[in-house]
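One chain follows as structure tokens, the form predicted on its own.
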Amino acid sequence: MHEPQSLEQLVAEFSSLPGIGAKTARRLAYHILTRSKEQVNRFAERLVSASEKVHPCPRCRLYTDEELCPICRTRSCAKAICVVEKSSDVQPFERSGIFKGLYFVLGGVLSPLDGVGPEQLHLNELVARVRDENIEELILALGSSPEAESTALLIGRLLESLPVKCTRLARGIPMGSDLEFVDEVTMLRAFESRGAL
């Protein structure tokens, strides 16, 4: 059956999102077509608004629509930074309430096959922040993939000359999983039993 070109283009846009396969993309596109014009316009306006207003916090790189994210504004005296791969990885920590320090979003992990080397990550900003803010502990919460392991080792080497304690989450997180999908109990156990590099 031949589909209208604009519908196929909408399906292609949904398919480009992470975790959305062809069937789900088609289902979402058809769902959009059942909505009223006002609902579709509101949805489109919110997409545009988020893309225009949301930006990385200049201090921690967490997404915010303010000058500084709320965590950097309210916890400016904290002396521990939890390093995560992406902004959404902060949510399990904040939901569980187990960490009251600061965060830093690397923007990924080393992955030479995907063209992600040290220069694509925000490593220089992280090192400068640890040095300039006299950070006492750096907690690496990068998951448990081989790429995350390589990234953690590189960060450890970059910080060797600084008086900061580097720890990482314990092995309670399943291999290859994304932190944003880890339940609070697993996150709590992994966080409480973190160890040195």
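Not measured: the values here are computed from a predicted model. The first residue of the sequence shown is number 1, and the count goes up from there. So that the term is clear: the rigid core is the largest set of C-alpha atoms that superpose within 1.5 Å between two forms.
Although it is not shown, the form predicted in complex with a further copy of the same chain is what the next lines describe.
Enquirer: Does any part of Glu3 reach within 4.5 Å of a further copy of the same chain in the model of the complex? Heavy atoms only, please.
Expert: Heavy-atom contact with a further copy of the same chain at 4.5 Å: present for Glu3.
Enquirer: With the partner left out of view, is Val90 within 4.5 angstroms of a further copy of the same chain in the model of the complex by any non-hydrogen atom?
Expert: Yes, Val90 sits close enough to a further copy of the same chain in the model of the complex that at least one of its heavy atoms falls within 4.5 Å.
Enquirer: Please determine whether Leu158 contacts a further copy of the same chain in the model of the complex, using a 4.5 Å cut-off between heavy atoms.
Expert: Heavy-atom contact with a further copy of the same chain at 4.5 Å: absent for Leu158.
Enquirer: Could you tell me if Leu188 has a non-hydrogen atom within 4.5 Å of a further copy of the same chain in the model of the complex?
Expert: Output for Leu188 is no: heavy atoms all beyond 4.5 Å of a further copy of the same chain.
Enquirer: Among 158-166, 39-47, 138-146, 124-132, which stretch sits within 4.5 Å of a further copy of the same chain in the model of the complex, heavy atoms only?
Expert: Looking at the partner contacts, the answer comes out as 39-47.
Enquirer: In the model of the complex, which residues of 9-27 put a heavy atom within 4.5 Å of a further copy of the same chain?
Expert: The stretch touches the partner through Gln9, Leu10, Glu13, Phe14, Ser16, Leu17, Pro18, Gly19, Ile20, Lys23, Arg26, Arg27.
Enquirer: Quick check: Val54 between this form and the one not shown - does its CA shift reach 2 Å or more after fitting the rigid core?
Expert: Comparing the forms between this form and the one not shown, which are aligned on their rigid core, Val54 does not shift its C-alpha by 2 Å or more.
Enquirer: Taking the rigid core as the reference frame, is the Cα of Ser15 displaced by 2 Å or more between this form and the one not shown?
Expert: Moves: yes, 2 Å or greater.
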